[in-house]
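One chain is shown next in structure tokens, namely the form predicted alone.
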């Protein structure tokens, strides 16, 4: 039986990683086989690209165009090495970010031509598209506060994406909202500022219909 492909999207500090874990635990407890890759990354090649994009001390001069291509190089590898084989095996793939992040971050955030962004994404993923995308939407002040809290709680690890200014993140948030408005059947908006348990319950209401008939 064909698997199910679920993606999580949102701005920094929206709670994606927590909700990916909670959903995977819930699905596993019900007997489903679950994969939880992340973007960029999820494969040995992708993790090296992730380091180059986010943490390398040599990435300060990276252009928006190079960022777009590297993101999709990682994605192309992930699709072919992990996602497609898992779906063909009937597994549920719960991915922390996918191509909507590229549209929001590199398209709207970096202000690259959206048609060029779309063409690169299509080349990277082919026909591999999510069955359901969960957009965790949080107000900008909540996102900023959570990001600051996360940075102060963890050992300092430089993240080049997080170094962008507030205008960039406002464009990213607007980009996600535009995506959700254009594809309401696939992209479901989940208020992410609620307690984690309430967010998890709202997510489950969207996931359950996809699981009808699966055992």
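Positions refer to the first chain, counted from 1. Bear in mind that the values here come from a model prediction, so they are computed numbers and not experimental data.
Keep in mind that the form predicted together with a small molecule is missing from the display, and what follows is about it.
Enquirer: I'd like to check something about residue 23: if you look in the predicted bound form, is any of its heavy atoms closer than or equal to 4.5 Å to a heavy atom of the small molecule?
Expert: Outside the cut-off, so no.
Enquirer: Check residue 18 for me: does it contact the small molecule in the predicted bound form (non-hydrogen atoms, 4.5 angstroms)?
Expert: Looking in the predicted bound form, residue contacts with the small molecule include residue 18, since a heavy atom lies within 4.5 Å.
Enquirer: Would residue 194 count as touching the small molecule in the predicted bound form under a 4.5 Å heavy atom rule?
Expert: Residue 194 belongs to the contact set for the small molecule.
Enquirer: Does residue 48 make contact with the small molecule in the predicted bound form, using a 4.5 Å heavy atom cut-off?
Expert: Output for residue 48 is no: heavy atoms all beyond 4.5 Å of the small molecule.
Enquirer: Choose from 161 to 169, 57 to 65, 182 to 190, 28 to 36 the stretch whose residues reach within 4.5 Å of the small molecule in the predicted bound form, heavy atoms counted.
Expert: Partner-contacting stretch among the options: 161 to 169.
Enquirer: Each of 14, 40 and 98 within 4.5 Å of the small molecule in the predicted bound form, by any heavy atom, yes or no?
Expert: Contact check passed for all of 14, 40 and 98.
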